[in-house]
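Next up: a single chain in structure tokens, the form predicted on its own.
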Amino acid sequence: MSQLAIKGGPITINRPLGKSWPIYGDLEEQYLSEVLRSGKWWRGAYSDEAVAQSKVACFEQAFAEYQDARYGVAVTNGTQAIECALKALDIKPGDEVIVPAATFVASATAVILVNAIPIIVDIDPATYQISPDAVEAALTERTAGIIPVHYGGYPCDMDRLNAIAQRHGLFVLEDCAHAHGTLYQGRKLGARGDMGAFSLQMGKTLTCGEGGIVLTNDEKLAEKAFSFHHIGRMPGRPFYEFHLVASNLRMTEWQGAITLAQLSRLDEQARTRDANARRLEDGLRDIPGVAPIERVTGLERWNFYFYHWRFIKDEWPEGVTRDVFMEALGAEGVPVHLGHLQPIYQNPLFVERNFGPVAYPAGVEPPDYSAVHCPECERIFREEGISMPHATFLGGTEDMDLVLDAVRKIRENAEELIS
């Protein structure tokens, strides 16, 4: 009789793991009701009184403080948070901005949307984060900046990236869409470079359905980000006085209410995810054929949008692939996926250069993305990386034990998978 569920055997996990997402309660209802009754469903003219009463302004201040930053500008979504920050950083048409191959496509398309050119580089196989060596190899006279993506909430090597940027006069814009609450070297992420951009989309660990926020420690950059998100207005100036060509990226008070309430739970949820991840890591180390991504020195708390671990194909019988293993895990009741490991340059928009209306200087063309090759990212996507949703880690430690039971069961009965 088969032991594995994929072959008709008993299922290891017959209930949902973790918690349903999003989590909400009385505080969201209270804040939404306050907005409704106030009759002020947007931030208004940013008078001192309006700021004091604004849920968006309260969220900006609270989240910036939580992430160890001085300033926050809340916007409509995470993609436009990157665009807004790039504009504040004085991006120019034809500038090159280095981004990693493993990320959501918006990390690169935001660069295109401000008429700059994304240069896509490989990742570090030890961490799945942008490789500083690959960054240095990609530098040209047109390089303006680096967008390190804290992929899966794991911190990039900010010390090396900042050092590279300082040597070459580049900006560093952290894409923190996955990294709300990660604690690294005694500080959180988002203000370790020049600016940081966060997503507050439905699935993120801090959400209001759709939204984003830009963080910085630089007062001038914060002022410019404010102007670029507020149709060119400047703080403290008359309401109908405009200084820059800019769009309306303002977050609504409804979104501000939800996110402010969600923020009250973020730290506890981050601690729970991190504790469960550590338990899973301890168990994975004892099972042949799988391994955790080991934590870099200084990673005190890992809060993740999705959690990565490894399938080690050389330690399995020939014919048992990562994809077969993942299918077997799903049959046992473990939710797994590939995250954003597929190299972004493999998308048709890059291969065919479907960029739409962009304005590069004469003689400047984007690279031939069909010729880009990031061997580590391609290998990890093809045969190694496994991801699990963050909400899976919001239950008790027994949920991690069930996951480990499923992994052990598959490993002990791996011969069943060969056919």
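Numbers for residues come from their place in the sequence shown, where the first is 1. What you see is a predicted model, and the numbers here were worked out from it, not measured in a lab.
We do not show the form predicted in complex with a small molecule, though everything after this point is about it.
Across the options 280-288, 181-189, 70-78, 220-228, residues that bring heavy atoms within 4.5 Å of the small molecule in the model of the complex belong to 70-78. Looking at W309, you'd find every heavy atom of it more than 4.5 angstroms from the small molecule in the model of the complex. Mapping the unseen interface onto this chain, T252 falls outside it, with no heavy atom inside 4.5 Å of the small molecule in the model of the complex. The small molecule in the model of the complex comes within 4.5 Å of a heavy atom belonging to S199.
Though the partner is left out of this view, I82 does reach within 4.5 Å of the small molecule in the model of the complex, counting heavy atoms only. Only one of the listed residues (A177, A101, I146, A257) places a non-hydrogen atom within 4.5 angstroms of the small molecule in the model of the complex, and that residue is A177.
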